[in-house]
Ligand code: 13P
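Below, in structure tokens: the form predicted alone, a single chain.
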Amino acid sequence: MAEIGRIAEVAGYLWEKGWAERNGGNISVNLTDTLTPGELAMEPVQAGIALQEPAGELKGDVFYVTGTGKRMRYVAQAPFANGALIRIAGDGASYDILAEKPIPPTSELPSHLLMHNYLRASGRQTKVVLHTHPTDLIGLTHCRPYLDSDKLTRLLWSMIPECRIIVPKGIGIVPYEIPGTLALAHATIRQLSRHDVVFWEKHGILAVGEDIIDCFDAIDTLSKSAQIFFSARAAGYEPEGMNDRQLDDLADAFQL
């Protein structure tokens, strides 16, 4: 499965970046379109595990999901020893674990599946939900003025042209919720109606998309913008940033 190698690659990047302390962060990727009929029909090693909320749009789909309590640095080295291969049941109300070892999936699996289910129902071809803990981006969410989606988007877009291009839908923000709760998932889904990247106040960042490398790149680009902002502030200057005309010109040039 080539996609598993890409997941392992990104897990390594998250660790190397310092965004995945201990077991911080999680990944889920819909592999259904990449599997053979035989792989889709694999016998489960554990079956009928109930979901907290049904995911009717995902019936029969197979996902790779990082394991609960597993570390990204080990996902990078041995993805199947540190993640679960799961298949959503035909009624959308439960799932089976398919991999050789019954690795329990991340405790945030219900949240991930709710997001995948919502995005599928919305007609979006999203296959990836990536959650991680970038230090600089989380730092911004500790600053009350930047807990405004429009203001934070404008700030990060203005630090480097690529940010406006790579994250064209801007940033959603979810006020603090207890990690792993369905309340956090539902609040995130409301932001995903307009954005592909969502900041969780004082917690982390989540990106969705068709490709796991693209999801990583979006977060990485936002992190670069935050680093530029903090570097200018550390040097004693308020960064000027690009003006509205410059940002609009980018939108026009790249048809954003």
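The model shown is predicted, which means the values in this text are computed figures rather than measured ones. Residue indices: 1-based, along the sequence shown.
Keep in mind that the form predicted in complex with this ligand is missing from the display, and what follows is about it.
- Here the marked residues 154, 170 and 243 all miss this ligand in the predicted complex; none has a heavy atom within 4.5 angstroms.
- Only one of 48, 56, 69, 60 comes within 4.5 Å of this ligand in the predicted complex through a heavy atom, and that residue is 69.
- Put simply, of 179, 92, 161, 110 only one has a heavy atom within 4.5 Å of this ligand in the predicted complex, and it is 179.
- Contact with this ligand in the predicted complex, judged as any non-hydrogen atom within 4.5 angstroms, is confined among 69 to 77, 93 to 101, 137 to 145, 117 to 125 to 69 to 77.
- Though the partner is left out of this view, residue 24 does reach within 4.5 Å of this ligand in the predicted complex, counting heavy atoms only.
- Residue contact check for residue 186: none of its heavy atoms lie within 4.5 Å of this ligand in the predicted complex.
- This ligand in the predicted complex comes within 4.5 Å of no heavy atom belonging to residue 224.
- Counting a residue when any of its non-hydrogen atoms is within 4.5 Å of this ligand in the predicted complex, there are no hits in 155 to 174.
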